[in-house]
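Here you get one chain, nothing else, as structure tokens; it is the form predicted alone.
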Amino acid sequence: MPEILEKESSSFRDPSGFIFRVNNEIYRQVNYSYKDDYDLLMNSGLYDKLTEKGFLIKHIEIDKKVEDDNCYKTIKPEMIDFISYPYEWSFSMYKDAALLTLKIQKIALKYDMSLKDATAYNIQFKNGRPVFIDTLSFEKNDNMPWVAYKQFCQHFLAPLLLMAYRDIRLQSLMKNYIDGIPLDLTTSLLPKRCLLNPAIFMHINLHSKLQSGYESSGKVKIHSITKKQKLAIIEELIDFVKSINWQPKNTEWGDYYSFTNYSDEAMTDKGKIIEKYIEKISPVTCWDLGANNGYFTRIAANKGVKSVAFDLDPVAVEKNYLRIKQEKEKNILALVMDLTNPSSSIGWNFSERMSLKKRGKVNLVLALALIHHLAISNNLPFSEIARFFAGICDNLILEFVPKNDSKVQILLSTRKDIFLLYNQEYFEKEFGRYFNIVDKQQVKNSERIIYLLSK
């Protein structure tokens, strides 16, 4: 097979190098302009220290070049199973990503290097924990203030504070502000009492005013700073981030499995059906759409299937992530996602951040207790739902919830029933345009039916 080379559209801004793919394998070119800093990273012991702790993605150097005149090295980093973005993380994921960035900066300073970038997009989640993926973000330390301080405040402090003190849903502002949430906007949105906190006042409010003053005057006096002073600031930032907490309130979805209309026997039987279907398919990858706390996602993950559990409720996703941390689970990633308005391609030329669909296709999608929400709560016809699923997966395990189910009746209790085609026969007809019905089985003590569908 001939090599198909494709430059990664999200890495064009970095003068130090770029990412490219060859036959779906990821590589990174290191440009000659970054030669001295790359050599310092590799020879100082910093790379070994960070990779040993699992903080930085590992790589190997290989003999492959894209732009010969500009190529100093080509490296092949470890693969990330699924690329996620900050606006899809739970609160604790965001907090752990912020702390990792600061810990890396602290270690780098001890090796006479510093992070020149502190964007949240440099963090991904691998094996249930955050990892730094931008090998070219390190530079030799100087006696100037941390160059990435403003970026850290906009990418990490601002979202965390808004999520904790105003509304957890303000995390979505990172979609609108791809370069980080502006500090003046953060100041205006935070409750006034927050400004009584010295750390918030200094890193957000005062920082915002100084930033505005510089932009209006074009002049700023930068004072030199010692490594010891830099370390003290990083320590203070670590303590500050650790102090930012969010106490999730129970929601309908965060406690979904406590109030489901399934009996214990039905839940057990549903799990057995899903497990049987997963074993039949033997997938490598799985997306669980509407996963809640990941109860059924773990049936796939525990079999070694690389699984992503999506849910629109940040409380459910937070609980899922905290369990992943506690149990040290490696095959499951929990993300916030509204399936009726999933992450789209954004950034320059619509290509810096990938849409959810572009990050597929997967072997298996789980769509459990979901179809009635899509069809009734969101007025989506079966034809549209089937076409969407067909575009992202090869196999589908779907739970059909009939109209007389108590959960459907709740949805219909406050609106007129206009859903004359919401029935099993029409469901099978529309999904049959894209999928073969391999098997279907009714859950014990329930009228719900689990389908195994394949392209």
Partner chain sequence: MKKIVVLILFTLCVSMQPAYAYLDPGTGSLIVQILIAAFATVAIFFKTIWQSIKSVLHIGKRSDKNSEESEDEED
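Residue numbers count along the first chain shown, from 1. Note that the coordinates shown come from a computational prediction; the quantities given were computed from them, not determined experimentally.
Only in words, not in the display: the form predicted in complex with its partner chain, which the text now covers.
At 4.5 Å between heavy atoms, is Asp14 in contact with its partner chain in the model of the complex?
Judged by the heavy-atom cut-off of 4.5 Å, Asp14 is in contact with its partner chain in the model of the complex.
Should Gln151 be counted as a contact of its partner chain in the model of the complex, where contact means heavy atoms within 4.5 Å?
Heavy-atom contact with its partner chain at 4.5 Å: present for Gln151.
Would Lys319 count as touching its partner chain in the model of the complex under a 4.5 Å heavy atom rule?
No, Lys319 is distant from the partner.
Look up in the model of the complex whether Phe419 has a non-hydrogen atom within 4.5 angstroms of its partner chain, and give yes or no.
No, Phe419 stays farther than 4.5 Å from its partner chain in the model of the complex.
Its partner chain in the model of the complex: within 4.5 Å of a heavy atom of each of Met267, Lys303 and Lys440?
Not a single residue of the candidate spot has a heavy atom within 4.5 Å of its partner chain in the model of the complex.
Its partner chain isn't shown here, but in the model of the complex which of Trp146, Phe382, Phe125, Tyr277 has a heavy atom within 4.5 Å of it?
So the residue touching its partner chain in the model of the complex, by this definition, is Trp146.
Please tell me which of Arg166, Lys103, His373, Lys357 lies within 4.5 Å of its partner chain in the model of the complex, judged by heavy atoms.
Of the listed residues, the single hit is Lys103.
Among 331 to 339, 345 to 353, 290 to 298, 115 to 123, which stretch has residues with heavy atoms no more than 4.5 Å from its partner chain in the model of the complex?
Only one stretch qualifies here: 115 to 123.
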